[in-house]
Each structure stands twice: as C-alpha cells, then as structure tokens.
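Take a look at this single chain in structure tokens; it is the form predicted on its own.
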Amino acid sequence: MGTRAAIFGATGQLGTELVKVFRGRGDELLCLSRADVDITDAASVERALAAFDPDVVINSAAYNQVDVAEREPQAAFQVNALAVRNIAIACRQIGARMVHYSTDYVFDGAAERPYTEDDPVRPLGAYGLSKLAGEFAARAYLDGVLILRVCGVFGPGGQRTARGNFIETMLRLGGSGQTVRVVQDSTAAPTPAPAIAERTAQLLDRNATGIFHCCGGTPITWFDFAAMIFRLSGLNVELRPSTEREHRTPARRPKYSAMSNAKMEAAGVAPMPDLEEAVSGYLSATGRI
C-alpha cells in the first residue's frame, strides 16, 4: 500500500515534479495549490491536513521574489517562515512527517567552495533570512523534519509558472535579437527539479531527517550557464559578460553558493545528474530541441 502524501505548492515548478514522482510510486496524493489552501492561514492548513490525514507532508510552496522581498519583507516571512510554522504544527498534530525546501541563499557566498550542512549560515537579504527562519520554524515545532537546501531550480513546469526560471529567461532574451549580458563573477549550482523530486523520495525511503544539500553537482558561473543554454538550444546569441557591480539589484546575492551533496550521497542517494545532460533534457521536454 502506498504512502499518503500531501504536497503544498503542487502546481509550481518543483511541485509538478513531486507529483509525478510520488504518483508514479503509487502513493495517494493530496495536491494543494495556492488557490486550494492559503498556507499563511493556520486554520486552513490544519483543516486540509486533518481531513486527508497524510503520512508525509511536502512543502514546495515558497515566496522566491528575491529583489521584491527587500521592499516587502513581511510577505516573504509570511510564506517562507510563518507558513512553515503552520505546516509543522499541523504535522505534529496528526503525526505526519514533513519535508521542506530551503535555499543556498542562507549562505553569504564568501567561502568560495561548495558549502556543507555544517557551515555557518549568514543570509545577505530578506529572502535568505526568511528561508532560514523557515528552517528554524520547521525544526522548532516538529521533530524529525527533513529539510533540503536547493539552488537555481529549473524544471519544465517553469514554462507555465509566472516567474519561470533562468533557462526560460535566457531563451526569451536570446530570442529577442539583442545582446545578452550575464554576470560572470557569481557562481552557483543550478539544479533540475525532476532530480530534486526523485532524491526527495529516496531520502524519505531512508527515513532521513535533518538538513541535506540537494543541488546541482556542477558549480558554474551564471555567464557560463547561459553560454551552455544557448549552445545546446542552437541559438546564435551575442552574449557578453557582466559583473555584480555593473548589474546592481535591490538584493545582495551570494557570490559563490554551490553546495556539496556529499552528505546526501553518503546516505545512499544517487548523485545529481550531469548539468549539460539535465539542460538537454529540459530543452527536449519543453520542445526546444
């Protein structure tokens, strides 16, 4: 008999992949979008979960407008921290396990090498601070929570979501016929959403708890990532390097936010796929190649 799993943010970029993976396992799902339940309303969360009585609750809902969060930090904290508290409390009441997703933005990027779960956290802005608060909220109200820190998520669902992802942004800009400028002094580890969903299931099967990094296995600058996207998609684009100084944004971002997956792999979970293969798979799945 399959697991009963409730998924918040089920129509988002990561949520759609979680639904595919857990439905493919034969699990009974409760798929919840923002239209179904307002996770900032504790009573609504409690009612939805109590009625379904899931074995595991997966929260892939998030406020991820990094720059806007500097103008409206309350909105970021409502979704990324207080709503996580609501879900954790509801999970405790029904005895359900909880999975929550955090971010590389809990780090300041000064390490210049892949971060481990034991590295000290130091977010640089409202978004990262709200996500870190969400980690604390989940662990404060619920024992045995599983938190996965991810980075630069991209999945086919990004075609349909309002904010898309980096690949969608590059394809849109690349198709405009104009010169595209991308920062060359910032390094991350972009992560395919399907791989996150698969490894979430693997970690749950191993009864893993605590914080795990689950990000792309290839540290790469955003400029080089853009060049890879254009090369694999066959777009002939004039791509020029920029710097953080030239490309000022309201929010400060970590200059190096790749994270090590060593802890996850030591738990017996498969390594993340090759980045170029993942991008090719994305382009194929979305009909670009």
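Counting begins at 1, following the sequence as shown. What you see is a predicted model, and the numbers here were worked out from it, not measured in a lab.
Absent from the display: the form predicted together with a small molecule. The rest refers to it.
Chemist: Spell it out for me: taking the small molecule in the predicted complex, does every residue among 39, 60 and 161 have a heavy atom no farther than 4.5 Å from it?
Modeler: Every residue of the candidate spot has a heavy atom within 4.5 Å of the small molecule in the predicted complex.
Chemist: Picking from 139-147, 179-187, 94-102, 202-210, which part of the chain touches the small molecule in the predicted complex when contact means heavy atoms within 4.5 Å?
Modeler: Partner-contacting stretch among the options: 94-102.
Chemist: Name the single residue among 221, 260, 233, 64 that comes within 4.5 Å of the small molecule in the predicted complex, judging by heavy atoms.
Modeler: By the 4.5 Å criterion, the partner-contacting residue is 64.
Chemist: Go through 174, 123, 156, 152 and name the one with a heavy atom inside 4.5 Å of the small molecule in the predicted complex.
Modeler: For this set of options, the contacting one is 152.
Chemist: According to a 4.5 angstroms non-hydrogen atom cut-off, is residue 252 in contact with the small molecule in the predicted complex?
Modeler: Contact with the small molecule, no.
Chemist: For residue 47, is any heavy atom within 4.5 Å of the small molecule in the predicted complex, or not?
Modeler: Judged by the heavy-atom cut-off of 4.5 Å, residue 47 is well away from the small molecule in the predicted complex.
Chemist: Look up in the predicted complex whether residue 107 has a non-hydrogen atom within 4.5 angstroms of the small molecule, and give yes or no.
Modeler: The answer is no: residue 107 has no heavy atom within 4.5 Å of the small molecule.
Chemist: Is residue 34 close enough to touch the small molecule in the predicted complex, meaning at least one heavy atom pair within 4.5 Å?
Modeler: Flag for residue 34 set to yes.
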